[in-house]
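Starting off, we have a lone chain in the form predicted on its own, written out as structure tokens.
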């Protein structure tokens, strides 16, 4: 009877393809875990997130320049899905535009984030490209001063880092930044008190 154990056969060397596949899987798992952790930490900070009270916002422009992110987490949104279809939108056009066209010199938005589309004479639709919006509030000011007040600023929580001391809240001229419950993260313009 042989009492000597059989030696384990040597493992074949790992192929380059297997090494790359295993490395890609590990990287993906670490990345997904990190993203989940970041998002959970970002939104679960004491159960509250930052938001702008539209009734207190004075459209000072500091949201565009004071956020810790390179491009502000504050974006312009519509109160109404259909905001009037005006031919002359005071949120889109500079005061006394040369023409009612989409030429850059006629647009109020410095980044071209508001898109104007012809519907039928005399109706146009205005939509906001949030990727281009920097939260400067120029369109919100124009809409509130001369239009129907459909536009307002909101913190987009998919971008916001939910800092303990929000750099925008610290400098907000209208004291409009509030901590709101994470289960009700948006303050709608029509439901805020004046």
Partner chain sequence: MNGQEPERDVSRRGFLKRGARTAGALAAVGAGLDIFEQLAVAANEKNANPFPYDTGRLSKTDPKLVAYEETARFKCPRGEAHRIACGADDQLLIAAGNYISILSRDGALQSEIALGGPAQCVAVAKDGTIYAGARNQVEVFDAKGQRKASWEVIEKRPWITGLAVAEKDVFAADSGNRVVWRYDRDGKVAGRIGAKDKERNIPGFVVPSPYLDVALHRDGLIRVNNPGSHLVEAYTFDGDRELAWGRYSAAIDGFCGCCNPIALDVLPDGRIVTCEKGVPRVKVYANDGAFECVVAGAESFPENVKANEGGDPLRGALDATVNSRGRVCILDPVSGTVRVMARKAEAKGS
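Each form is matched to the other, and the largest set of C-alpha atoms that superpose within 1.5 Å is called the rigid core. Quick caveat, the model's predicted, so the values are computed rather than measured. Residue numbers count along the first chain shown, from 1.
FYI, the form predicted together with the partner chain isn't displayed, but the following is about it.
Residue contact check for residue 136: one or more of its heavy atoms lie within 4.5 Å of the partner chain in the model of the complex. Along 114 to 129, residues 121, 122, 123 each place a heavy atom within 4.5 Å of the partner chain in the model of the complex. Once the rigid core is used as the reference frame, the Cα position of residue 103 differs between this form and the one not shown by less than 2 Å.
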